[in-house]
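Read the single chain below, which is given as structure tokens and is the form predicted alone.
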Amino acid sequence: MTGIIAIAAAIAVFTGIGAGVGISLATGKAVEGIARQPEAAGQIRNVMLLGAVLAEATAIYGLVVALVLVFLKMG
């Protein structure tokens, strides 16, 4: 049963991969948008940061789920 919990925790941590890919795509598109329209840099940056924060939150939730799975089974 411990092996199944470890596999579930590992799958939960994989949300970090999705967050990394999402943030990198958003950053690339923001840089492209700023290059095309420099006067909108402030608005583009704000929207990109909001998207990055939301994507990073999913990675943190995955980490919390993994920690809960591991430490509740140990207790």
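The shown structure was predicted, so the numbers you read here are calculated from the model rather than taken from an experiment. Quick note: we count residues from 1 along the sequence shown, nothing fancier. The term rigid core refers to the most C-alpha atoms you can superpose between the two forms while keeping them within 1.5 Å.
The form predicted in complex with another copy of the chain is left out here; the points below concern that form.
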query: Those residues of 47-62 which, in the predicted bound form, come within 4.5 Å of another copy of the chain by heavy atom; finding: Val47, Met48, Leu49, Leu50, Gly51, Ala52, Leu54, Ala55, Glu56, Ala57, Thr58, Ala59, Ile60, Tyr61, Gly62
query: Core-superposed C-alpha of Ile23 shifting 2 Å or more between the shown form and the other one; finding: no
query: Residue shift check between the shown form and the other one, rigid core fit, Ala59 Cα at least 2 Å; finding: no
